[in-house]
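Below sits a lone chain in structure tokens, taken as the form predicted on its own.
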């Protein structure tokens, strides 16, 4: 009889990396001009969009991150380049062994008038996982970034809560040496934090969507607030000097995904005046 048990986790952590470069040609079509990877990171495929955006699907070939992994992504967008980066599947962070933390970092540079859409699928933290994620984006003059991050704390479909472990997240957006957006979170899991109203209140999913670099007037902001998929008491939206931010704390990945996708579509269609091309890898 075939052995159907899951394969053993690697004895040594991964030291994966991915380096990408994008450039726009004279017709404003962006192409992935450089791709250098070290396993388990790789590019599954780059798709051209009708508005010239390069839509790139990132793949983690090992299927999940184990204790002690260090994964690093770097990317550069040349002037007027447009790129959308997403992932082939939800990321998984397995429980830590020997209190070793898993690190995932990304540093992205946008030249003048470049535009980035950073839209990974959700990250699932197993109970007892220790995960530190860091994203730094440097914007040139006129550049914009729209990014989101959705994290599920515990495998709730299996009845698992996030009662032990740690999740730390740092996101920074800079322009000409000025911080436009600094967002730092640190959650040290405990039963009190999981259940308490001042903590998670039993809600396993937290999400942030932020658009930085593009000004939005009050009328445009009210248009975003009036979208159909607003998740009620689970979500909030704030206008920023250089864009806007959405926050979610709830129990449904479907709910936050529908809301974030609708906000992204509205910004892309109504404010950027670009065609709506949903990444082919997404299951909508």
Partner chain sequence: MQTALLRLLQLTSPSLPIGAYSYSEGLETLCEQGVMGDRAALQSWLTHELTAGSVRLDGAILCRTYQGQDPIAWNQWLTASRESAELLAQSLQMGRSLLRLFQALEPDWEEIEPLMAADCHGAVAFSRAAWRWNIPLEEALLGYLHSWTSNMVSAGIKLIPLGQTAGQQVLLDLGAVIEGVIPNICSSKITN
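Residue numbers count along the first chain shown, from 1. What you see is a predicted model; the values in this text were computed from it and never measured.
Not pictured, yet referred to below: the form predicted in complex with its partner chain.
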Exercise for review: Select, from the options 124-132, 173-181, 148-156, 92-100, the stretch whose residues sit within 4.5 angstroms of its partner chain in the predicted bound form by heavy atom distance.
Suggested key: 173-181
Practice item. Indicate whether its partner chain has at least one heavy atom within 4.5 Å of a heavy atom of residue 226 in the predicted bound form. Key: no
Review point. According to a 4.5 angstroms non-hydrogen atom cut-off, is residue 238 in contact with its partner chain in the predicted bound form?
Key: yes
Review point. Any chance residue 242 has a heavy atom within 4.5 Å of its partner chain in the predicted bound form?
Key: yes
Practice item. Decide whether residue 34 counts as a contact residue for its partner chain in the predicted bound form under a heavy atom distance cut-off of 4.5 Å. Key: no
Point to revise | Listed residue that, although its partner chain is not shown, lies within 4.5 Å of it in the predicted bound form (heavy atoms), from 193, 73, 166, 111 | key: 193
Check your understanding: Using a 4.5 Å cut-off on heavy atoms, which residues of 188-205 contact its partner chain in the predicted bound form?
Key -> 193, 197, 198
